[in-house]
Ligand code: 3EB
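Heads up, the chain below is alone and in the form predicted alone; it's given as structure tokens.
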Amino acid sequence: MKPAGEGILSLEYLPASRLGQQSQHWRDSVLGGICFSRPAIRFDAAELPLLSVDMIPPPGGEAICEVWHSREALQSGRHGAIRYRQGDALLFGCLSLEESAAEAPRDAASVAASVASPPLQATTEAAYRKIFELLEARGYPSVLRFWNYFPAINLESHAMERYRQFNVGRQDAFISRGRSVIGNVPAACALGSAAGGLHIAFLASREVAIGIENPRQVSAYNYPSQYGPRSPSFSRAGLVNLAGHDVLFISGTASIVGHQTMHPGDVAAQTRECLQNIAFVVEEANRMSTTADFRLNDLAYTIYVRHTEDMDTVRREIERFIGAPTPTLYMQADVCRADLLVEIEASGGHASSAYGIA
């Protein structure tokens, strides 16, 4: 366990095969999580919001769960397709929807829009509307982090790339629920899964998070129209104070400077550019934090690599740049732009642990 004070939040990377071996005390502390396997594994843990995502581990690797724990007293609940766990300060939830299974719209304008919308766009909007509906009802106004996964993220269908369809649906839901789509928006990632429907996990708080941007990059919500009819609704990172401890959530970060992809075809150079961007975000977070001194080698990382054969190269570049970050999780996944080969997300300011995860 990496020390990070006595904060209420901690992260554990745990092989899925060990989930059933954990004690009741362990289960009581689970806020929620994401389990990656190929194919996706369904777990007999209905009271725990563990999202199952069909994603390929490194060669020789096994199914892995990213599990978030809380020191708070927790209770479980359901809101439609959403499973969630909540404490006094935090709520973690998740849902999985088939693209044809979006909830039917309730008003004439929404009916007309849904008829014209691609299935992924309509399903994304419906999912985010339900998430915001839950958070408003339960009193957790600030989303700290979204995780989004769906297959064929770079495929064009209905005359638009699927990632762009997702961005339209997400932004429509933000707007419909009166949420800002620029400025102080949540940290997030969006990756291409190997199969399945739309999978979303989210972590929300009663405390207000501060959006952090990278001075090397155009804010994603200000991207020019060449990247789609709607800009992505996320910040480069989010900073929140939980029980007196600042916690940092860094969004999926890629080899982008300004708004342009850098080093097409060169996975080593793209990895270095990702890490340089993360370094700048950490510097900005330290400038804004009053309680933390975030360091690259103290963060927990999840690394998504487009091509399995590039994983060793990415790992070497990370070790050269950072040293030995712990814990670190690698998965094979498509990234939101077809010319991006690697995406890295990170978090810090909380305790973290890994059981045999390199």
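Source: prediction; values computed, not measured. Note that residue numbering begins at 1 and tracks the sequence as displayed.
The protein also exists as the form predicted together with this ligand; that form is not presented, and the subsequent description refers to it.
If you check this ligand in the model of the complex, you find a heavy atom from every one of Y163, F234 and I256 within 4.5 Å. Remark: G197 does not count among the residues lining this ligand in the model of the complex, judged by a heavy atom distance of 4.5 Å or less. Contact check for V282: every heavy atom lies farther than 4.5 Å from this ligand in the model of the complex. Contact between A188 and this ligand in the model of the complex is found at the 4.5 Å heavy atom cutoff. In the model of the complex, no heavy atom of G192 sits within 4.5 Å of this ligand. Of the candidates N241, S96, N148, Q171, N148 is the one whose heavy atoms come within 4.5 Å of this ligand in the model of the complex; the others do not. Between the options N167, T123, T271, Q86, the residue in contact with this ligand in the model of the complex by a heavy atom within 4.5 angstroms is N167. With the partner omitted here, the stretch from 202 to 210, 69 to 77, 135 to 143, 246 to 254 that lies within 4.5 Å of this ligand by heavy atoms in the model of the complex is 246 to 254.
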